[in-house]
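Next up is one chain by itself, shown in structure tokens, the form predicted alone.
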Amino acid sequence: MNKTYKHLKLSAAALALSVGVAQAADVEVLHWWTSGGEAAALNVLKQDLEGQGIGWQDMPVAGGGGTEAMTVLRARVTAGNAPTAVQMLGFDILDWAKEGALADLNATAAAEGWDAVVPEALQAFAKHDGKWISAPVNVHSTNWVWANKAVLDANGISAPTTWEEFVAAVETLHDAGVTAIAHGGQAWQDATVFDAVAMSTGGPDFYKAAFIDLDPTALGSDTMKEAFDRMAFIRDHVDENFSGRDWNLATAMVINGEAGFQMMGDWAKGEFLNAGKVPGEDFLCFRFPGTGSQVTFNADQFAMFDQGGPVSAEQAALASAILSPSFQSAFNVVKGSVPARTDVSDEAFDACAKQGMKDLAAASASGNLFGSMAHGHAAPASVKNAIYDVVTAHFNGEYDSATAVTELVEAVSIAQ
């Protein structure tokens, strides 16, 4: 076991008293799925385990990007009281694996053939040193726009496919006195929009150079300034109460006809479905204008934390349940995402999900599938957080676009 992790497990014993201890034969699961649609999806997994006689101890930590959950996790591990399983994204998984904190799932993975059915792009975050250390639940693509169809129809707007068409649509809604864009002013939400805007502005080569390769030339380019200029346009067309709003409340604005558009990952669809809305009839789903065939993604996974010995039977059962084809279908139908397995039928999925599965497969085959910067799948957390700071400062008016570019180059350089 890594010395750093040993130290964490043995220190801060007093904190352990404040966080509780999971009962044996239960799984204690730390996650941030607290909205209505997310809770409904998670219930599918709870029921699966209950059917196997395994209890579920829920540890929800609100905050859609998972930042708060990771803070709680660090405290739990420092106290020597790691949860059984933790929802994680991207580089966060690999960081914990490097600390020696995660259990070995290779036996389960080999028995169930995970290598053959989980895309390599996901395996890059689910394996460390050849060892499976987490179970992928889904694939979310992040460059979606969600729109209230009645609002668009009432204003003669079709789903825009280019930035210029999007600008025209937003201005039409603004002139009609309608809030054009529903948004929550939280760093991860700002970055989610910026992800799509940057891809739309510069295309896939630019996106890869800037956010995956961290090329200072791309980060400091005129193209990046144009991306910030476009963010300023978006900022001018959100309502004045956006600051601090949770993402699902922004989604509710679109559902209720209080706003026209929301730029958000496909977990937003779970909120529409939970509200009884039908894709194509009540709401529209389409790729962020100008991103075309490119798809940015993240993948929720459950990492199994070392409990002081070999992977437990309960952890193996949880991992097995997560990757089972039946669960992958049932869960993702509710969640709004698409399966982490490539062999799951799209028969049970709605029109938006069918399109998402098709887009994902095509992007993967054509080399246009990119890990999302905003969701920890393009660069390590230190770099992601540095980009967050600049993007949010610009969105809140602290920097103009030229200053934001300069700050971005410096922040990424320092964070590496």
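Everything numeric here is computed off the predicted structure, so don't read it as measured data. Note that residue numbering follows the sequence shown and begins at 1.
Below: the form predicted in complex with a small molecule, not depicted.
Only one segment in the set 274 to 282, 143 to 151, 238 to 246, 83 to 91 has any non-hydrogen atom within 4.5 angstroms of the small molecule in the predicted complex, and it is 83 to 91.
Of the residues given (Phe206, Trp163, Phe286, Trp188), Trp188 alone sits with a heavy atom within 4.5 Å of the small molecule in the predicted complex. For the candidate set Asn298, Thr251, Ser134, Asn332, a heavy atom within 4.5 Å of the small molecule in the predicted complex is found for exactly one residue, namely Asn298. Interface membership of Gly65, defined by any non-hydrogen atom within 4.5 Å of the small molecule in the predicted complex, is confirmed. Although the partner is absent here, Phe370 is not a contact residue: none of its heavy atoms lies within 4.5 angstroms of the small molecule in the predicted complex. None of the heavy atoms of Phe305 is located within 4.5 Å of the small molecule in the predicted complex.
The closest heavy atom approach of Trp32 to the small molecule in the predicted complex falls within 4.5 Å.
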